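Only one chain is included here, represented as structure tokens and corresponding to the form predicted on its own.
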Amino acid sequence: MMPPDCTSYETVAKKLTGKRVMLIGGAGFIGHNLALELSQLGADVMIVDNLMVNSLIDNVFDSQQKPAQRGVYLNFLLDRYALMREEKILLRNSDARLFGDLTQLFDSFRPQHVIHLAAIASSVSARENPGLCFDLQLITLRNILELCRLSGDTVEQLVLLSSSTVYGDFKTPSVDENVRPQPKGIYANAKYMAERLVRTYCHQHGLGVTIIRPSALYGERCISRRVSQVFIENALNGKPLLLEGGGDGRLDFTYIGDLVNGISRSLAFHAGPGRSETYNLTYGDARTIADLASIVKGVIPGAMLEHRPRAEDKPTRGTLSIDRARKYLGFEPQWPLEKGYKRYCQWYVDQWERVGRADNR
């Protein structure tokens, strides 16, 4: 275990200052927040993204969206770019599925750390478009792995953003990284296939790798419509918050700030070439969907709750143990649901009202 003084913010910044970090698929929700964190820690950051999943054009022309939602999402996307520009983060509009395009960026930037973030937005989207899920998750990974291998000693570490869904149904209230994954569906299986591939490159080619398993993320500038976001939007639109099975389903809700802090630490304290590390990076305390709805109702008192029968195909989830991340990374999440999600709800209401004020000018 590391002594506490070795895991301070200043120590993390000292280890990452001047490091070249490439984020593949990094313009999304996780990626842009991580890029901002890494830049503030002193790293040189390049984002590579074809802007397909978080598309300004798709957002503007989405006929399913109401004007308020369209305006909010447009602001979120533009705010991402503005914040990254202010931090002088490099953004390259390039498709990581094209080996030649990615090769040019590897040659010019010469990354020391590479983070694979390219993925379809959710398991629901993956079920609807499995081919795209496979493309974004695994074709991109093939190119990244080969370029890391061919880069010799330049690339010190590859970080893969996996998912807590690889565990499948939780057999116990809490799972740690030693629990054997039993993924279900295209999304979870693609994530687990990616995990096995990066470990293979570690064992056969000496590539240093880190696998990150997050859970139930929420936070500023997300447009992926996770349940945490859908509940807020439904409350603002006068729609009910649907509580399946009375809202007793449990998820390890995690604020984006805690996740990017943990990923930054996994870069700073990686054990080196030939080492494979896997970390759950969550808050470490599963809460019910009813708890989530209660916080929304506290911020938006008019929010309506509606009970529904439990969906039979919904996986049984729970807490992800973060003991390993605590021990080796000094990871200590700072945002319990009552603090982090309440802040997010209040921020979202402000953003919604911002659009309304603009429309009324």
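All of these numbers come straight from a predicted model, not from anything done at the bench. Just count from 1 along the sequence shown to find any residue number.
One more form of this protein, predicted in complex with a small molecule, exists but is not displayed; see below.
Q: For G31, is any heavy atom within 4.5 Å of the small molecule in the model of the complex, or not?
A: Because a heavy atom of G31 falls inside 4.5 Å of the small molecule in the model of the complex, the answer is yes.
Q: Verify the contact flag for T288: yes if a non-hydrogen atom of it lies within 4.5 Å of a non-hydrogen atom of the small molecule in the model of the complex, no if not.
A: No, T288 sits far enough from the small molecule in the model of the complex that none of its heavy atoms falls within 4.5 Å.
Q: Answer yes if any heavy atom of L292 is within 4.5 Å of a heavy atom of the small molecule in the model of the complex; otherwise answer no.
A: No.
Q: Report whether the minimum heavy atom distance between L305 and the small molecule in the model of the complex is within 4.5 Å.
A: Contact check for L305: no, nothing within 4.5 Å of the small molecule in the model of the complex.
Q: Sort through A118, V114, V209, I232 and report the residue having a heavy atom within 4.5 Å of the small molecule in the model of the complex.
A: The option sitting close enough to the partner is A118.
Q: Given that the small molecule is left out here, which of Y187, Y255, Y73, Y279 has a heavy atom within 4.5 Å of it in the model of the complex?
A: By the 4.5 Å heavy-atom cutoff, the listed residue in contact is Y187.
Q: Each of Q40, A43 and C148 near the small molecule in the model of the complex, meaning some heavy atom within 4.5 Å?
A: No, none of the three is in contact.
Q: Thinking of the small molecule in the model of the complex, which stretch from 236-244, 172-180, 219-227, 105-113 has heavy atoms inside 4.5 Å of it?
A: Flagged stretch: 219-227.
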